[in-house]
Ligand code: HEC
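Just the one chain here, the form predicted alone, laid out as structure tokens.
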Amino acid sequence: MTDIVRLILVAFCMQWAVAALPAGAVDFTAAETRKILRHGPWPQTATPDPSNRVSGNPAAIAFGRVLFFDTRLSASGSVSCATCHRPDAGWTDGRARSRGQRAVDRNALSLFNLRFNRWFGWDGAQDTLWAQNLRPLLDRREMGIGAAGAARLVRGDRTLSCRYRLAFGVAPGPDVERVFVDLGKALAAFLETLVTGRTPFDDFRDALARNDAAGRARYPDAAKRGLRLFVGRGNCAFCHFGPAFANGEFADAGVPHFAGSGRADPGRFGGIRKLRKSSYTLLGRFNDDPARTTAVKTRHVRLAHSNFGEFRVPGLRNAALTAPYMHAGSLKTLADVVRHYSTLDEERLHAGGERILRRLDLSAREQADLVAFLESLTEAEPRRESAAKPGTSPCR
């Protein structure tokens, strides 16, 4: 066989193979496959929080669940954690800016997969989940009961006092701040259980890992094309990486950060300042880990001008359930989010920032494909929770 004939046959076979593929089919390169595999496996292995002595404790989880739905933990007696974090709304409230006893400046972050975070809140002003739970109890706009009020409620209520004793091994004592912090730790034990389940993406990712052609074929082609954009030209995986699709840090996303007329939300810049002033950090007396093994991040965090206007990079699992988006809910849908990055005004990014973002200039079809991929990160059966009236469950 001559070289020319061989080349003709090879070209014919390649054309036939391409023609045999379904319309819109996606075949990932080795480099793309490696990037995709880094987003799993899921779920991740969970370990107890060493700073919280009741992390993973079933009695503390049950106590935290009761506290989460108890409106008596607010100064008005009408607001609970579930007011802004509704289980039927992706653990958010669906508002652009949340409202407790009064309106606040930011959107309610979802509670999915909090146990994997490094910092907490839109500005990272807390370095543990238990400390984050104390903030709304202290903020008069949200729940505002304060440390003394919360401790008084627990001591004076037979059921709450009983549940405290079951969780912590002792009755709530005279140290107001200790009892107050313990409530945050019980809430954290409950919130650590809110881990998202498996998604269509996870099934595809695992099929890719084991070279399962049938498993790969079940994943929609639009989602595959969106995934290619996500790990490739869109460079979305630079910030949304790993199994939780989050880097645990903060970024300037190019959205307005004014909290009101003439008033800017400093974001991470203000969060670091609050963290340094707080007595509820890993460096303080309420850290249950005597070795301070997780306190390095807090000890070495540094304030920089570039932190101004930076906000949390949220995880993307179940993102389709948590609209609206961005720290002040300025984008209503996932399609709006994708369009924002596609048409990004780079002049909005502050000059001292990281300038990682670039306008993507995606076509309409590419934007739809990226949304299809993001929607594939939604678990098939989200967890359901409902409120129980305080005191209805016996405690002995």
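All values derive from a computational prediction rather than experimental measurement. We number the residues from 1 along the sequence you see.
Form predicted in complex with this ligand: not shown, discussed below.
Chemist: At 4.5 Å between heavy atoms, is A31 in contact with this ligand in the model of the complex?
Modeler: Heavy-atom contact with this ligand at 4.5 Å: absent for A31.
Chemist: Report whether the minimum heavy atom distance between P136 and this ligand in the model of the complex is within 4.5 Å.
Modeler: Although this ligand is absent here, P136 would touch it in the model of the complex, with heavy atoms inside 4.5 Å.
Chemist: Does G234 reach this ligand in the model of the complex if we count a contact as any heavy atom within 4.5 Å?
Modeler: Within the cut-off, so yes.
Chemist: Does this ligand come within 4.5 Å of any heavy atom of T322 in the model of the complex?
Modeler: Residue-level check for T322: yes, a contact with this ligand.
Chemist: So which stretch, 198 to 206, 275 to 283, 152 to 160, 137 to 145, is the one near this ligand in the model of the complex (non-hydrogen atoms, 4.5 Å)?
Modeler: Flagged stretch: 137 to 145.
Chemist: When you measure heavy atoms, are L114, L129 and A253 every one within 4.5 angstroms of this ligand in the model of the complex?
Modeler: Checking in the model of the complex: L114, L129 and A253 are all within 4.5 Å of this ligand.
Chemist: Looking at R225, H85, R216, R72, which is the one with a non-hydrogen atom within 4.5 Å of this ligand in the model of the complex?
Modeler: Going through each option in turn, the one that passes is H85.
Chemist: Go through 84 to 100 residue by residue and record those having a heavy atom within 4.5 Å of this ligand in the model of the complex; state none if no residue qualifies.
Modeler: Stretch hits, in order: C84, H85, S98, R99, G100.
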